[in-house]
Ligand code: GAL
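Given as structure tokens, the chain that follows is alone and in the form predicted on its own.
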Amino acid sequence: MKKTVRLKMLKLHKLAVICLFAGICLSGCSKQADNQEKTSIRIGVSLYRGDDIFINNIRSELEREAKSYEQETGIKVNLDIQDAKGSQHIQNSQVERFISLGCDVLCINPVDRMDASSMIDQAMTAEVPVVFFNRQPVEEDMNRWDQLYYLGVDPKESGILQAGIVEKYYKENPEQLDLNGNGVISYVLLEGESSHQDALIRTEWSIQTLKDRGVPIEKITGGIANWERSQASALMEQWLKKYPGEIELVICNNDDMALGAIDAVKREGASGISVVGIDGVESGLEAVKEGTMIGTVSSNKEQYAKVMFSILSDKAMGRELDPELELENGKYYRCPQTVKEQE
């Protein structure tokens, strides 16, 4: 009887040892698999509108960064870039599709910055990090999860730098801005979307800075052109006909609208009107060189895309972010800007 018990105990002991050994092996294999780095990453990119010139500049730079990353690391980058065509409903569906395809990280240029909650809900549920850019979701949404990031320029800085362009030009060429010599610069204002935080802040700080610095300005009229060249051109044409000989300066929230204003000025045969923009897109910089724009505030798009891809790739690979990025509150990055003026 005692011998039988001893045999049973011995068998149980052997079984326990075997189970323990198997567990250790499985655990080791699991850890080994977890430690193996990916050979490819998938990034879902949704643009609020594919025909926006500035967004297209960023897209091109992002694609260059992805190719460079592949060459340097040997890791395949699958960039799935989609155009939301100005529809939040379409963008929500794109996010759902990205997640179903197993994207490692999302890169979103929101259609409606006030309505990002649905996209965030989907990402949080699937535990897929999100990098927003150019159109900043409201703070309440950004604070919902520690895997949400935002990249963009500082709109206040944009407005102040734009005002500086006008101020310098006025001091150096007062007669070029005050065409009728009455001591006041009469201006019109072309703004982006009414709900876009950059449009609102750029406008506020550009105008207020000019006033604070003693530049004599007086507003004639203004309008929303939704960042678009064609809409800005149509508005400017109306104003030139309604206020003939009165407009001396056109202040624009972005270069595309500034170029639209220049188109209208050329069509109407108006002369001497100064135009200033923001963004520093290639066509805007060319207009500054040609002398049809007095200046623009240029964001460093190469740096913009480099930082954005750095965050995207680190998140996709499951790594910690580069500490040298020094993100504001751990999630915001402001792209540097410079002034480009007529020489």
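Treat the numbers as computed from the prediction; the structure is a model and nothing was measured. From 1 onward, residues are counted along the sequence shown.
Below: the form predicted together with the ligand, not depicted.
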{"item": "Asp178, Glu248 and Ser274 all contacting the ligand in the predicted bound form, non-hydrogen atom within 4.5 Å", "value": "no"}
{"item": "Residue among Ile55, Val307, Ala66, Ala287 with a heavy atom within 4.5 Å of the ligand in the predicted bound form", "value": "Ile55"}
{"item": "Stretch in contact, per heavy atom within 4.5 angstroms of the ligand in the predicted bound form, of 196-204, 87-95, 116-124, 260-268", "value": "196-204"}
{"item": "Partner contact for Arg135 in the predicted bound form: the ligand, 4.5 angstroms, heavy atom", "value": "yes"}
{"item": "In the predicted bound form, Trp227 touching the ligand (heavy atom, 4.5 Å)", "value": "yes"}
{"item": "Partner contacts for 266-283, taking the ligand in the predicted bound form and a 4.5 Å heavy atom cut-off", "value": "Asp279"}
